[in-house]
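Single chain ahead, written as structure tokens, the form predicted alone.
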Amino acid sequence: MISKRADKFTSFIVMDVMAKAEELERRGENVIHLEVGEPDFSTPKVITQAAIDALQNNKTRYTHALGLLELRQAICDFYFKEYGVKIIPEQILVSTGTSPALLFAMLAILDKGDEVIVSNPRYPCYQNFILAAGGKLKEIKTRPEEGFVYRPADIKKKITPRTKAIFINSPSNPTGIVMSKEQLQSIAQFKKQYIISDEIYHGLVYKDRAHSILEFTDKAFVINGFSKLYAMTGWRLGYCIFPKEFSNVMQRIHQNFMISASGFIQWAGIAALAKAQKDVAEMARIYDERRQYMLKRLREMGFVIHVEPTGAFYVFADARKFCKDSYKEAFRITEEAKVGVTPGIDFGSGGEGFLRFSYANSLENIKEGLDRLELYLNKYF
């Protein structure tokens, strides 16, 4: 019998959309993928070469449970250079992607019935990490016209003695919004709760710069990794930065559940941080070109963009002019227009009526996909 806890896990709808698109492709259809948030670039050669070198030098054994000291020190150096914050290697857990790192953070701070404040809309998987650790969600609906960013007054209303943490994500999936210094400071004022900050899209910012929550509080768990910025999704390399007092427990959790991340891939991560800056800058330039094109086309079609996204690689477009049921509409667009898009409902009830478009695809494909979408809208609306 399936456990009650597992039965409560929600679907990741974008993966269902992608499965439908792949089914159509198996039938010989050509589908443009604007649904999935995966870089279309190849991993930079300096990174792949570092992995090859590590393999050839037999660096294929277990590492320390927290990760290679050299990689953890490189992450410390990176956060000091980028944000001016001082952390030590003992505050870092390297794991096989950000998802395990986030799960282990939840296991470290939550007892059964403890609460975590999350925004609605949000990245769909957050709630399942919280549920897996025995926690409960306290949702706050955020407003499109404010970029779906928390109001501190709304947070205060939700806090109870069981509230352990507040979740933030900047740059954001699905909205692409980058939280300002002032907005982050307003979150950091909540001293009794941990701040869980998903910073996986840091580095993919097209105006100003992203700030780390660690600039404003040390009572934070920061989730970051290599998948998005370095086009390393399949490499599965991520990390969690945590308060010093959690070092031993995070090490014990990882020892038991993962042992360690792959050694040779960790050496590739060191190369990414040290040698891939030019590659990253070029990828970010191309993303920005795509971002501007997609925003222009979607607005011309009649979608409403409440606040311009300036980070990650998504546009969260208000499609209420065209549909009330984003789930049905996304699948209909995928099947009829042959364009994969993500329904806003995937990100919570606050995303209903919206569609998420990813520009992690070539400009040629984006143009073709939006041309198809325009024909579809002209046909039905």
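Model, not experiment: these values are computed from the prediction. Residue positions are given as counts along the sequence shown, with the first one as 1.
This next part talks about the form predicted in complex with a small molecule, which is not shown.
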Tell me which stretch of 255-263, 270-278, 289-297, 198-206 has a heavy atom within 4.5 angstroms of the small molecule in the model of the complex.
198-206
Quick one: of 243, 89, 144, 97, which gets a non-hydrogen atom within 4.5 angstroms of the small molecule in the model of the complex?
97
The listed residue (230, 150, 79, 123) that reaches within 4.5 Å of the small molecule in the model of the complex by any heavy atom is 123
Counting heavy atoms only and using a 4.5 Å cut-off, do 169, 173 and 236 all touch the small molecule in the model of the complex?
yes
